[in-house]
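Take a look at this one chain, the form predicted on its own, written out in structure tokens.
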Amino acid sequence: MSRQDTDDRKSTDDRKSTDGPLQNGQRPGSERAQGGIDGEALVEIDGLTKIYDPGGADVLAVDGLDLDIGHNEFVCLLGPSGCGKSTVLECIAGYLGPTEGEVRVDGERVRDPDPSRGVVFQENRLFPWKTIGENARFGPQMRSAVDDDRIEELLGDTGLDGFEDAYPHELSGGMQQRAELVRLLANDPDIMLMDEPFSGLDAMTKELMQEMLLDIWEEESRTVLFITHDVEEAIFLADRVVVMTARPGEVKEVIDVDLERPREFDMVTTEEFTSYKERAIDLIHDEAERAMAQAEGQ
């Protein structure tokens, strides 16, 4: 698809999404996706466009995306594979630079990685030659800011006390991801960027990790951007679910999740939760089909 074709489709989609009143708290993707517990944005994404050049052929991954994330807010990016979710996260982290547009954190343009923006990936990035305790201390050591009491507290909160001297390969997948959370939080980030961290876990472990993450988030009062393909996971975790289109990634719609906190997993069977889930599935279904068609076309 050419850039002009993309611009034409985007213009058409914008006209459609502004027709008619808002329903059920959902805002159309053409409006700026704003949010925040205190009404102020910590992360501001303005017109983010990213073009990759694999083998000399331009690939428009993200196209003019606008999104605000508030202080202490939990936001999930939900979308099909290849829609640019990870690209957005890596631009916030400072690992990638936008082709157009910009990302600002606390009013400052993001140009490089910074320990205030911690990242957890789908596959853990623990150093295999270091113990769990050494992994947790590595980031703070690089900043000469090790707090052993804090690390001990985090290990206890995540059920890893007693495993400080174990190596990553000696732990289960769920325990490794808990160690990743400890590593992340030991570095005291303001923003937690999480790229499908629980997707490789079995269903029961995944549920426990989701509840643990919410407990930590509520206690620590941090800002979270969480990427997932899992509709139920997104609704359970988030204050807002940002549904993205198939490539090129844009904001299709934002769902405000007005479910009581703290949340426990038995709420997934409630009528209110099911209503949110059905809405999200309806939004993502067409995008998943488009993403599949794109993949088959390639």
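From a predicted model like this one, the values you see are computed outputs, not experimental measurements. So that there is no doubt, residue numbering starts at 1 and follows the sequence shown.
We do not show the form predicted together with adenosine-5'-diphosphate (ADP), though everything after this point is about it.
Trainee: Within 4.5 Å of adenosine-5'-diphosphate (ADP) in the predicted complex, do 174, 206 and 265 each have at least one heavy atom?
Mentor: Per the other structure, none of 174, 206 and 265 touch adenosine-5'-diphosphate (ADP).
Trainee: Out of 256-264, 269-277, 230-238, 58-66, where are the residues with a heavy atom within 4.5 Å of adenosine-5'-diphosphate (ADP) in the predicted complex?
Mentor: Contact-bearing stretch, as computed: 58-66.
Trainee: Looking at 158, 210, 86, 223, which has any heavy atom no more than 4.5 Å from adenosine-5'-diphosphate (ADP) in the predicted complex?
Mentor: Checking each option against adenosine-5'-diphosphate (ADP) in the predicted complex, the one that comes within 4.5 Å is 86.
Trainee: Considering adenosine-5'-diphosphate (ADP) in the predicted complex, which of 140, 133, 82, 101 comes within 4.5 Å of it through any heavy atom?
Mentor: Answer to the contact question: 82.
Trainee: Heavy atom to heavy atom, is residue 252 within 4.5 Å of adenosine-5'-diphosphate (ADP) in the predicted complex?
Mentor: Close contact is absent here: in the predicted complex, residue 252 is far from adenosine-5'-diphosphate (ADP), nothing within 4.5 Å, heavy atoms only.
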